[in-house]
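One chain is shown next in structure tokens, namely the form predicted on its own.
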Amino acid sequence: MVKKSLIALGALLLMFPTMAFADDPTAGQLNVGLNALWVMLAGILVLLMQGGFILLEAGSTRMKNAGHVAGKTIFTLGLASIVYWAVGYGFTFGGDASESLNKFIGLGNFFFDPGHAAAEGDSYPSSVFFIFQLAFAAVSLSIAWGGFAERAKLSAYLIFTLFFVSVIYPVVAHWIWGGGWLAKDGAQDFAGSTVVHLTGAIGALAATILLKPRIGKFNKDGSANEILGHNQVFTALAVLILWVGWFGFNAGSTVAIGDGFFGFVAFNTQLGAAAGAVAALLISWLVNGKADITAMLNGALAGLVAITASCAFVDPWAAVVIGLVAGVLVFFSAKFFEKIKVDDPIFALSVHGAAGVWGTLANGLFATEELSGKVGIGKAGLFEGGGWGQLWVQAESVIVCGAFAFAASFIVLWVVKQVIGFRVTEEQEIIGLDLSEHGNYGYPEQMKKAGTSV
């Protein structure tokens, strides 16, 4: 009986290809389906990076704010999804690229309706592309939250989400990815060192300037006190989750199965992250006399951020160099910001800002003519025989996008500060945002035992 059942099962398995493709889909339809599956999978990986951000921010801050970190991340992801659907996607990708206004902002596809399937001639359904792009916008927003950590009102998160996802991020994304003026100038940012990471970091910079440092961070003489995060295991796990999610981020930006080029992009991504982690650990060991775990974790993320712009444009040796420089840069950048009394609890300015700038410029140094042609845009970098042209375009994109993101973020948050207030009261900050903003602690038993000073 068992033997007959196995024979029947085998026959069904042999028949499955015929049954599955009984309608005899064309090769084009099959290609669309495979591309859709890949882009959807990549979008899911990028969305899951929000779990990494929850653990990273919670682990890097004190336990009295842990529940707040987790809750506001889910809340802002939900709000960002609605805002991006209503207007953000339209400002990024809407409109006719031939129109003069469209050089600066997209106009169209508001309240986006993707239809039920891929349109004729499309490589994948627009619905999966929307999910993929939404995930990128959400990552940039989560980076900005680093500048808000442990001292901002929940209402400020709500208002900033509305403006950041509807206008600030979409304008920068349109300039480079949506056919805007920087794209026409030849700016190369394959997966978002500038569009996603620098934009989010600049938002964090505006926030931390307006909020000022946390209570107890700096002494009257200007010296800094170390405010330790409550769970370094959380931060390590967060980095691993983000590292894995980055394969959706970078390799997914090929938005096609094609000839498997996404594998090369993933390969460069891994090398950049690995080099960043090693370099940061070694430089911290050399400078401090101890191998700093936090520095190593920041180095891995900095390597990922830096290689993001160039993962499809550079040879593997260059990916290693980019990661190594990012690992060293993030270590000294963190020390610099602390020295000038900028309180950056999650190291967003160094990991995503400094490394984002370096990664964007590195494209103008190491991009090869062969890979630039394969991706279909741009020219070779300075060290690959392309001259200074591409490096200038990359620098232009950093300066212009950074200036716009800072000005827009600062204005929005300044108005918030004047109208409803940006920072919680001193008493609320001391007892923690879990209790003051949400009425309960993320760790209720531990906090009751420890009091409110943790």
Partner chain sequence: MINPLWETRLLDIAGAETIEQLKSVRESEQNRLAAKLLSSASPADEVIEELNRLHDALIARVLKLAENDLARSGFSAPPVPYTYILYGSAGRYEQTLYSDQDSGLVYAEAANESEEESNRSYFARLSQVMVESLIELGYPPCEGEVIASNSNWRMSIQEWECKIDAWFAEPSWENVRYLLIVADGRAIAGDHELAQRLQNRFFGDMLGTPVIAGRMMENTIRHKVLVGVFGQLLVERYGENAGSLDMKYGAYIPMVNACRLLAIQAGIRETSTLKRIDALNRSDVLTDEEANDAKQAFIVFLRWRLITTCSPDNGELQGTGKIRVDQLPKEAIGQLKQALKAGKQMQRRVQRELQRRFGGR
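Positions refer to the first chain, counted from 1. Fair warning: this is a prediction, and the values are worked out from it, not measured in the lab.
What comes next is about the form predicted in complex with its partner chain, which does not appear here.
Open item on the list: Taking its partner chain in the model of the complex, would D221, A224 and E338 all count as contacting it (heavy atom within 4.5 Å)?
Closed with: Yes: D221, A224 and E338 each sit within 4.5 Å of its partner chain in the model of the complex.
TODO: Have a look at 179-187, 366-374, 282-290, 268-276 and name the one stretch with heavy atoms inside 4.5 Å of its partner chain in the model of the complex.
DONE: After filtering at 4.5 Å, what remains is 282-290.
Open item on the list: Is R214 part of the interface with its partner chain in the model of the complex - any heavy atom within 4.5 Å?
Closed with: Close contact is absent here: in the model of the complex, R214 is far from its partner chain, nothing within 4.5 Å, heavy atoms only.
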